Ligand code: G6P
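Okay, here we've got a single chain as C-alpha cells, the form predicted alone, with questions on binding and movement later.
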C-alpha cells in the first residue's frame, strides 16, 4: 500500500471519519509532533518538533489525514484536541508524578538501558511500573475514542508497549501495528524485567510488531517462545485467541530527497562555507551530532580523536572535531553526570592539545534546526557515528543524503542498526579505541576515489529505502 495515495473508497471513508470527528488513521506516540513556543508578542504557537520519529511520520500523517495521540510536553495540564498545520492532534495529560515515574523512571531508567544491552544499569521499581500501566491505559482510551470503525492504529515505541493489547480488548475492530524504534534485547537480558510477560502480552495485541533489525525481531520471537510458549513460523506467532501476529524487521529511514534538496539550497551552502571558516578552514572536519545519551559513544570517539592528535597522527593545525550534543532528559541524574563528564573530557583535550586561537575540539551542547544540521553535514568531511547500541541511527543516513557530490566518509558503529544497511561505511567497534583510531586514519588517508565509491553505494541504499518505503512496507503488511 502506498501511504501517499488512496483509492476512492478510502477517500470516502476518510471523509466520513473527518465528518464524524473520528480518524481512520491514528498514530500514538509518547509525544505529540509539536512543541509549544511563546512568540515575541507573547502569543503562543506550536512548531514541529525535531527528532527522527517526527521527521519520519509527519509525511505519512499528512498523506493519510490522520490523528496523532501523545503528550503535549507540559505536566499537570489538560488540553482539548486541536488542529495544527493540518494535523489533528489529541493531547494526553501527564501529571508531574507520572512524568517522574512513567517517563523518567520506567521508560528511561528501566526500559531504555535494559533494551540497550545494559550499557547503564537498569532500575526496577514497582511504583514506576504501576504508573506505566496507568499512562498506557490513558493513551488507550484516547485512541479508542478518536479512532473510527475499522481504523488503522500505529503505536510507536517502548513507552507504549501495553497499548496494543489494551486497545485490542476495547476495540477489536481496529487494525493495530506497533513499531519499536530502539533495540529489542536478547532474552537473557529481557528476562531481568520483572514485568516481562506483561510486556510481551501487551505487544502481541498488535497485528504487526515491527523492529529495526532482523535480530530485534528474532529476540522478540525467542522471548515469546521461551516465556509464553507460543509457537512461531516464518515470523508469524500463533496466539491463543486464534489470531496471528507478525514480528518482522522494518528498518526506518529518512526523507532522503528532502535532505538532499535542503543541503543544496544556496543559503545552506553559504552557511556550510561559513562553518568551515569559523572553524579555521581546516583540511579535515570530523563531525558528530547526537542526542546527549550514554548509549551514543561520545566519550569513546572524542578520546580516540584526542589520542590521534596527541600522538601526532593527526595535525591539530589541519583537523577539527565538531561535536554537537543535543540536550536530553536533563532531569535524569545519569544524563547530568554524563554531561559533566563530557565537559571535563573536552576541556582536558583542548587544554592539553590546543593552541592560542586553535582548539582541536569544538563542543556544542545545544539543539539546532534542520537547516543548520544540513549545513554541518555539508561542511564536514568525516561523519563519526559510534553508538554503543542504537536501534537505527538516522543521523548517519541524513549525512549521506546531504553528500550529493558523493564525497565524504562515514565512520559507523557496528552496533547501530544502520550498520546492516550501510556496509560501505568505515565500520568500527566503539569499545575498541585503537580500532577506532585506525579506522579514523583510514578514512582520512583513503583515496578520493575509494571514498566516492563507498559514498555512492550508501547513497543508493538510503535513496532506495527512504521513509516512504519504510512506511509503505509496514502499512502494506498491516493492510493485509
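Just so you know, these numbers come straight off a predicted model, no measurement behind them. Residue numbers count along the first chain shown, from 1.
Not pictured, yet referred to below: the form predicted in complex with 6-O-phosphono-alpha-D-glucopyranose (G6P).
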Requested in this report: Would you confirm whether the three residues 112, 157 and 291 all fall within 4.5 Å of 6-O-phosphono-alpha-D-glucopyranose (G6P) in the model of the complex, going by non-hydrogen atoms?
Outcome: yes
Report summary line: Among 127 to 135, 242 to 250, 180 to 188, 346 to 354, the stretch whose residues bring a heavy atom within 4.5 Å of 6-O-phosphono-alpha-D-glucopyranose (G6P) in the model of the complex is 180 to 188
Query raised in the report: Is there a non-hydrogen atom of residue 152 within 4.5 angstroms of a non-hydrogen atom of 6-O-phosphono-alpha-D-glucopyranose (G6P) in the model of the complex?
Result: no
Query - 6-O-phosphono-alpha-D-glucopyranose (G6P) contact in the model of the complex: residue 329, any heavy atom under 4.5 Å - result: yes
Report task. Give a yes/no on whether residue 259 approaches 6-O-phosphono-alpha-D-glucopyranose (G6P) to within 4.5 Å in the model of the complex, heavy atoms considered. Result -> no
**Report entry** 4.5 Å heavy atom contact, residue 108 to 6-O-phosphono-alpha-D-glucopyranose (G6P) in the model of the complex
**Finding:** yes
Query raised in the report: Though 6-O-phosphono-alpha-D-glucopyranose (G6P) is not shown, can you say which of 377, 103, 220, 286 has a heavy atom within 4.5 Å of it in the model of the complex?
Result: 103
Query raised in the report: Can you name the residues of 67 to 90 that have a heavy atom within 4.5 Å of 6-O-phosphono-alpha-D-glucopyranose (G6P) in the model of the complex?
Result: none
